[in-house]
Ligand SMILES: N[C@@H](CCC(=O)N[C@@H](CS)C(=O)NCC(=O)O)C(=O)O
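Here's a solo chain for you in structure tokens, the form predicted on its own.
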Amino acid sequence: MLKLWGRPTSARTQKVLWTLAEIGLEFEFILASATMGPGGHVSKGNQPFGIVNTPEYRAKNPNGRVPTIDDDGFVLWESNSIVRYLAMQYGPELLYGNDTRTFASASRWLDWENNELLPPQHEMVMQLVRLPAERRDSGALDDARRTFVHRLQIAEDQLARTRYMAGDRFTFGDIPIGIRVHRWYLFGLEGPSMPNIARWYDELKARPAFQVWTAPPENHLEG
């Protein structure tokens, strides 16, 4: 059985969890983190799940981060690479129509999410959820909000042309953007109307696999 090390409150881990749910693949989920634990973020004095700093884990992932998978002895880290691997290994027709160009189009949105949406949303998570109240910075939060909205307009423009991020069918490329948009809506911060994203987001929420790990607010708002 495939093993996954991570935590459900990690957007990077959620990429893998959602992909696994779409495929319907059974797996063992091992809670691991250097920054989060059962009580929340270490900045609030909580103990982390750990594991990631052990020699055994570092032999699998020298970065000491999550997620990491072990699929029958094949070990892989970096969330985007894991999602691509799972799509190719277990769901090529389901997650990209078994088409190279669709795969490439979907793949770019994983990289775009990681480069463009992750940094400002990480700052929003820290300022809204994880840092103690006395360490939060309203200016940093507003800067991150404005940056996120500006960059999200690219996805809004794409969805004016196509039903999903990589074309007119759901692909693994919708997963990372969907997680970031879900968090954005849960945060309830001020932003412009984005009707194409709203329409697409409604379609994502209707997917059974979305409901398993991504939908629960506690996986986004507790820390």
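Numbering starts at 1 and runs along the sequence shown. These numbers come from a predicted model, not from an experiment.
Beyond the structure shown, there is the form predicted in complex with the ligand, which is absent from this document and is the topic of what follows.
Enquirer: Report the stretch among 91 to 99, 74 to 82, 149 to 157, 132 to 140 that approaches the ligand in the model of the complex to within 4.5 Å, counting heavy atoms only.
Expert: That would be 74 to 82.
Enquirer: Between the options Ile179, Ile69, Met165, Val66, which residue brings a heavy atom to within 4.5 Å of the ligand in the model of the complex?
Expert: When the ligand is considered in the model of the complex, the option within 4.5 Å is Val66.
Enquirer: If we define contact as a non-hydrogen atom of the residue within 4.5 angstroms of the partner, is Arg12 a contact of the ligand in the model of the complex?
Expert: Judged by the heavy-atom cut-off of 4.5 Å, Arg12 is in contact with the ligand in the model of the complex.
Enquirer: I'd like to check something about Ala198: if you look in the model of the complex, is any of its heavy atoms closer than or equal to 4.5 Å to a heavy atom of the ligand?
Expert: Ala198: no contact with the ligand in the model of the complex.
Enquirer: With the partner left out here, check for me: in the model of the complex, does some heavy atom of Leu186 sit within 4.5 Å of the ligand?
Expert: No - in the model of the complex, heavy atoms of Leu186 and the ligand never come within 4.5 Å of each other.
Enquirer: Which residues from 191 to 205 come close to the ligand in the model of the complex, meaning a heavy atom within 4.5 Å?
Expert: Residues within 4.5 Å: none in this stretch.
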